[in-house]
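Next comes just one chain, in structure tokens: the form predicted alone.
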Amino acid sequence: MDLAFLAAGLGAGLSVFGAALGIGKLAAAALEAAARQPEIANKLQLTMIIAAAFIEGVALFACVICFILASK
């Protein structure tokens, strides 16, 4: 049972780390695109927020699954 808690902790940590990398790359690409074409910054910001929400949603589901598996 102790290994289940370890696996859940590692799984949650990896999913959060992956989400952080994804959002970091997303923000870097969006800032670079806005620097190249400032007139599309508003459209780009909306698209970036939607993509970040999807990334966070996947990370949240991964963390919930890890904690559910740890409680079984």
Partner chain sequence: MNVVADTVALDNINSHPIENAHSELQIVAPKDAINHYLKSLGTHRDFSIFNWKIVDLPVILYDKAEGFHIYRDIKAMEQGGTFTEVHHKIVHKDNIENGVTFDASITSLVVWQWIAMIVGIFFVLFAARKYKKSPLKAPKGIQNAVEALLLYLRNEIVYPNMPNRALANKYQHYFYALFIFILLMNLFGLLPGGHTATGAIGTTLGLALISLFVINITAIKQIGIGNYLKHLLGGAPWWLSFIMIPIEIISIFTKPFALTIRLFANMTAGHIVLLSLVGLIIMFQSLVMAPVSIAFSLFMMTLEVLVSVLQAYIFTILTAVFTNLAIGDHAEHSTAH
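As the structure is a prediction and not an experimental result, all values here were calculated from the model. Numbering follows the first chain given and starts at 1.
This next part talks about the form predicted in complex with its partner chain, which is not shown.
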Inset, instruction - May I ask you to state whether residue 57 is within 4.5 Å of its partner chain in the model of the complex, using heavy atom distances? - result: yes
Inset, instruction - Answer for residue 50 alone: is it within 4.5 Å of its partner chain in the model of the complex, judged on heavy atom distances? - result: yes
Inset, instruction - Answer yes if any heavy atom of residue 46 is within 4.5 Å of a heavy atom of its partner chain in the model of the complex; otherwise answer no. - result: yes
Inset, instruction - Give a yes/no on whether residue 61 approaches its partner chain to within 4.5 Å in the model of the complex, heavy atoms considered. - result: yes
